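Only one chain is given next, in structure tokens, and it is the form predicted on its own.
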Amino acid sequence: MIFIRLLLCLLLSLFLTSHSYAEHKQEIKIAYLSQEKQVPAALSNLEPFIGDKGLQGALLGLKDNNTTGQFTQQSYRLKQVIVPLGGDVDLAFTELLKQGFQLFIVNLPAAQLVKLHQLNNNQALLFDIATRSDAFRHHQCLADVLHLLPSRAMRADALAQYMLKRRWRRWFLVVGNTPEDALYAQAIKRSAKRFGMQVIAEKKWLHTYDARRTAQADIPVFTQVDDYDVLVVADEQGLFGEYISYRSWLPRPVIGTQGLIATAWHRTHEQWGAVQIQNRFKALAKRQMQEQDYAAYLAVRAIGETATRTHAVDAKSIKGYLLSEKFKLQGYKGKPLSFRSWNGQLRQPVLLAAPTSLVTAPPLEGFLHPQNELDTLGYDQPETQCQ
């Protein structure tokens, strides 16, 4: 009987201790803010529309953070706010600020991100998982925003490094009709000049998007220009770029937004532990991980890494650590990731991928930098107006 009483007392003590620890866990609150997206016109029915890009990556990051939090007495909570089409994103953001949220995963277009920056007044830290605008990394600097996706300049520089390695220096550039296509083309021309390439011809796509007519008639005639090594496509909406391959007048590789693409993440990536996270994501989301999922995962993990090491929960302290030289993040790309202190851009290798294979992951060997070779991609500190 004495032994049973001692055992019961021990079990009761352990229960009360664990209950006490649970009550005193540090809570880290994160808000995920997005808006429903209208289903775009599809090039084909092969690729289904994915309405939850980003959210599933954030949920996987939250799961990993809470696994670590069991040992550090920390608990991470993610509040999901998906504003309906036509809804007021600014109001939703303001309400979250009133509720005490200081850490935001923001999955919104560039124009809306600027509005949130203006409303924020440095109260919160925003993790941008959707934009690739060079303006935010070069001159339109947002001090309270960290950018997780590679910018257009980083993507174009990654392609240019590989083209230089292959000695494919003569480019024919085809540009779509949207403002985003023009921005991508601008990044391509910047990279061409930076790495000593020559854009021998540039044409704007002005044809219709009828698949049969485009494939059979327009493209062979449209692509009759002087000799070139690669055809570079700027078609971020995917309205015509997929039709270019195998239909150009000259048999040349296609790169850019179609063909060989530069991306933060790709389903064919298997190195440096990527298979493990690909499988875990697929088990959670029942689909392949997309770029925005990867960006959201990194954002949540960056918060977790900082909170684990500093036990800080406020935006100012977390931002200070994230922009310091102490911060390093595992990103399944073979190199530790960190943030550029001058513009909030996440340093990272950029994957170059064909539809069913990973080709390489710049920065490539031989492209040197005095501090960090990852800064050979995109706007380096001397090139930017951000401080």
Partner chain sequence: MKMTPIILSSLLLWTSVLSAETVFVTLEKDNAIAVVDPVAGKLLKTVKIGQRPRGIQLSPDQQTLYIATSDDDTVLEVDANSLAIKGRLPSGEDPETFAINSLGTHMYVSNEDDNQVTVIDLVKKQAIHQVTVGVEPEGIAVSPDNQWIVSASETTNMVHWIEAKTNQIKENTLVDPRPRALSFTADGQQLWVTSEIEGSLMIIDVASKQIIKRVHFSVPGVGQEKIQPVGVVVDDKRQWAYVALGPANRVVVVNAQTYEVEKYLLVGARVWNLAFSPKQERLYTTNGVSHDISIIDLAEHKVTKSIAVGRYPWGLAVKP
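Numbering follows the first chain given and starts at 1. None of these values were measured; they are calculated from a predicted model.
Here the subject shifts to the form predicted in complex with its partner chain, a form of this protein not shown in this document.
A.B. asks: Are all three of 152, 179 and 238 close to its partner chain in the predicted complex, meaning a heavy atom of each within 4.5 Å?
C.D. replies: Not a single listed residue reaches its partner chain in the predicted complex, so no.
A.B. asks: For the chain shown here without its partner, which stretch in 28 to 36, 51 to 59, 66 to 74, 350 to 358 has non-hydrogen atoms within 4.5 angstroms of its partner chain in the predicted complex?
C.D. replies: It is the stretch 66 to 74.
A.B. asks: Only one of 198, 99, 279, 224 gets a heavy atom within 4.5 Å of its partner chain in the predicted complex. Which one?
C.D. replies: Residue within 4.5 Å of the partner: 279.
A.B. asks: Here the chain is shown alone; which of 186, 268, 140, 308 has a heavy atom within 4.5 Å of its partner chain in the predicted complex?
C.D. replies: Exactly one listed residue reaches within 4.5 Å, namely 308.
A.B. asks: Taking heavy atoms and a 4.5 Å cut-off, does residue 334 contact its partner chain in the predicted complex?
C.D. replies: It does: once its partner chain is placed as it appears in the predicted complex, residue 334 has a heavy atom within 4.5 Å of it.
A.B. asks: Would residue 373 count as touching its partner chain in the predicted complex under a 4.5 Å heavy atom rule?
C.D. replies: Yes, contact at 4.5 Å.
A.B. asks: At 4.5 Å between heavy atoms, is residue 297 in contact with its partner chain in the predicted complex?
C.D. replies: Residue-level check for residue 297: yes, a contact with its partner chain.
A.B. asks: Would residue 109 show up as a contact with its partner chain in the predicted complex if we use heavy atoms at 4.5 Å?
C.D. replies: The answer is no: residue 109 has no heavy atom within 4.5 Å of its partner chain.
A.B. asks: Just give me the residues of 318 to 333, first to last, that have a heavy atom within 4.5 Å of its partner chain in the predicted complex.
C.D. replies: Contacting residues: 328, 330, 332.
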